[in-house]
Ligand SMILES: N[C@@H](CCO)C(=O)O
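Before any questions on binding or motion, here is one chain by itself as structure tokens, the form predicted on its own.
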């Protein structure tokens, strides 16, 4: 159960008095998650989600509020934070920062079909077209600079062959990206795995958990999606899912020539990003709570598949 700070009905009822959301009826802790305490809150007027922030840099929370407000105002399917009667969204509850959200419909798609892939690609392309104009800034905390700085911490825990692989890949990333100028920038989700989306049938109920959100290369976000949504159990790319997502995405925001050139390397870099981050959680910085970390092997497999097979050709954009 991902509830690290228990709350009573009385605490939540008093908290809700700041908002115009009705009276508390039920409070339920939500299983899942690894960082924050999450509760389903039902009032006589609304279905809501209450999040207490247990870890991370709390001074960065206004960035996430502003980003979600911005995307919500542009009618993206995101949980725009609920603001109180004075227009304030971010509050404190049980001495933790707290945000209240509308509860979005749907479930995580474990094996997304092609319609769901099309919808996801279209929505991400729309979001990136909009997010290029978002005024907030938060540098990508998991970009190439982070890989360069952090990879040495896990070398003692992996095989000599994998040590060489990791070092060689980072050298390759440095070499390739130094040949190009700045790629198109904007606000990113930063972690848009299947379990950070909700689908009600083939309708996207919402993209959730923006707490890896940042600003940086839009292509980074797209590569994360392709590695998760379009990879089979062996790490190989599924051509139908790959083409469906990328066709829908590029109908909203076509990739420029530099993005097309570095695309295979970006797929590898985002695979290494998750391999490294999961290794760090397992061996170096385990979670504060008794939760099972994600398996690093998944993204080691994906990285090796991308190295062995490259990226599939990008689908051509129809003018």
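No experiment lies behind these values; they were computed from the predicted model shown. Numbering follows the first chain given and starts at 1.
Beyond what is shown, the protein has a form predicted in complex with the ligand; the following relates to that form.
Screening 231, 215, 212, 118 for any heavy atom within 4.5 Å of the ligand in the model of the complex leaves a single hit, 212. Interface residue among 70, 64, 263, 274 relative to the ligand in the model of the complex, by the heavy atom within 4.5 Å criterion: 274. Between 174 to 182, 189 to 197, 154 to 162, 121 to 129, the stretch whose residues reach within 4.5 angstroms of the ligand in the model of the complex through a non-hydrogen atom is 189 to 197.
Among residues of the shown chain, residue 35 is one whose heavy atoms approach the ligand to within 4.5 Å in the model of the complex. In the model of the complex, at least one heavy atom of residue 294 sits within 4.5 Å of the ligand. Of the heavy atoms in residue 253, none are within 4.5 Å of the ligand in the model of the complex.
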